[in-house]
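Consider the single chain below, provided in structure tokens and representing the form predicted on its own.
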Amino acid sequence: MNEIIYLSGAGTLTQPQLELYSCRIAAYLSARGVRIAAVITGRSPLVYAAIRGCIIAGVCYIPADEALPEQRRRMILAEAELVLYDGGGLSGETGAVDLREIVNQDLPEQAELPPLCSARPAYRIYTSGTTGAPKGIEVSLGNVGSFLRWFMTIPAIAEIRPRSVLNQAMFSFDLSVADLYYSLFTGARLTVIERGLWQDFGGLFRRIRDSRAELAVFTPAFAELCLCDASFSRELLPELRVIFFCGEVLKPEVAVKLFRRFPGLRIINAYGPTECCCAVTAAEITPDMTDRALPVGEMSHTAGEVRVENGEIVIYGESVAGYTGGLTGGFSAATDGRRCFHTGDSGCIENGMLYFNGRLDRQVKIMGYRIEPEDIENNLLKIPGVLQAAVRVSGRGGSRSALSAEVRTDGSVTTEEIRRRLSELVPQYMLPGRITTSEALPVSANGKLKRGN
């Protein structure tokens, strides 16, 4: 019982510690009647305990990335009644409470995790929207339950029942739902990787080695980064049995390298938007599949019903969540009353397998993060001196991965100043790789900006 259940660079937790801290946090929230709480999501063990405490207390939590620019973070925090954090610079924030103060109080300690089967909100995740402000997606306990039950029956996972899981994604990113909820509801050990370790291969691989992971939940981009070093191999992770991929396109050549480095490895390539709780379908990739684009789902095993209608992937069933603030987007009701979500993703079904063929609009994913180019354009227009802005995406289909911006200014602002000001408005992953200025941006015959994508 005293074995480490959570490991990060900020510390560890044993199972008794996790239960004690999370129950005290739950009691604190319940005593104050909190309904929605933001959790500043670093890698602190108390953040992990806070999420568990929110679930126990029936509080909808908002995982807010500590690295977000202040203005964008404030937009998200404004939706919460209380902000929970572990140290750092939030002590002056109205409604902010240090988790260290809560867990040191003498509060009731008996509470259990609820069943994942109700319409009660579990969490809200904010993604890039087209208006220049983040868009909230509220996911219920029932949505999470639908996902987790499906996830645990994926053959490669069900057959080994992993007891140690390696997490790469921040808790504010929907991919983390897979490892976070799996570990919380099965008692599996969770090891997390801080963002700073991505630039420190020595520290990164020490953490990976210490995880003793049987299951890893990665974006393809992170696996590509690890594969740059020859030491990312079976010797580093002798117990690794499965990698679960989601969030962006998995290239066949990446799968080939993984099979070579990790003999006996099973690779799961999954698909699903944030609006449907992480993933709804997955396919196990085998070496004989790697001579072409890889499937993202096996149609005989899905969370809910997945269809391709007029070339668009549409999802039906219990995993389908909803937006906050009255937004409807691609949500609708089927003729039989079930909720469905029109993803905006192009796809096709061949031989019982689902294939992702890119977006039907301008949306793009970079490092697994979903980005609306209009979000960047609208924030560029907030910068004094910028008169027009057009953001372009390079690449084709599911491989689009680079952003550039062209702006028209009044001459009072430089590209360096534009980049600095934009970095104060949007997350780092939304910053265009190249920003150029022009006296006039090209327009179409009807007067709309030409963006080239």
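Numbering starts at 1 and follows the sequence shown. Remember, it's a predicted structure, so these values are computed and weren't measured experimentally.
From this point on, the text means the form predicted together with adenosine monophosphate (AMP), which you will not see here.
Not displayed here, adenosine monophosphate (AMP) is approached by Val296 to within 4.5 Å at the level of heavy atoms in the model of the complex. Tyr271 belongs to the set of residues with a heavy atom inside 4.5 Å of adenosine monophosphate (AMP) in the model of the complex. Adenosine monophosphate (AMP) in the model of the complex is not approached by Cys226, whose heavy atoms all lie more than 4.5 angstroms from it.
Using a 4.5 Å cutoff between non-hydrogen atoms, Asp375 does not count as a contact of adenosine monophosphate (AMP) in the model of the complex.
Listed stretches are 324-332, 359-367, 142-150, 375-383; the contact stretch with adenosine monophosphate (AMP) in the model of the complex is 359-367, by a heavy atom cutoff of 4.5 Å. This chain lacks the partner; the member of Glu318, Glu248, Glu214, Asp86 within 4.5 angstroms of adenosine monophosphate (AMP) in the model of the complex by a non-hydrogen atom is Glu248.
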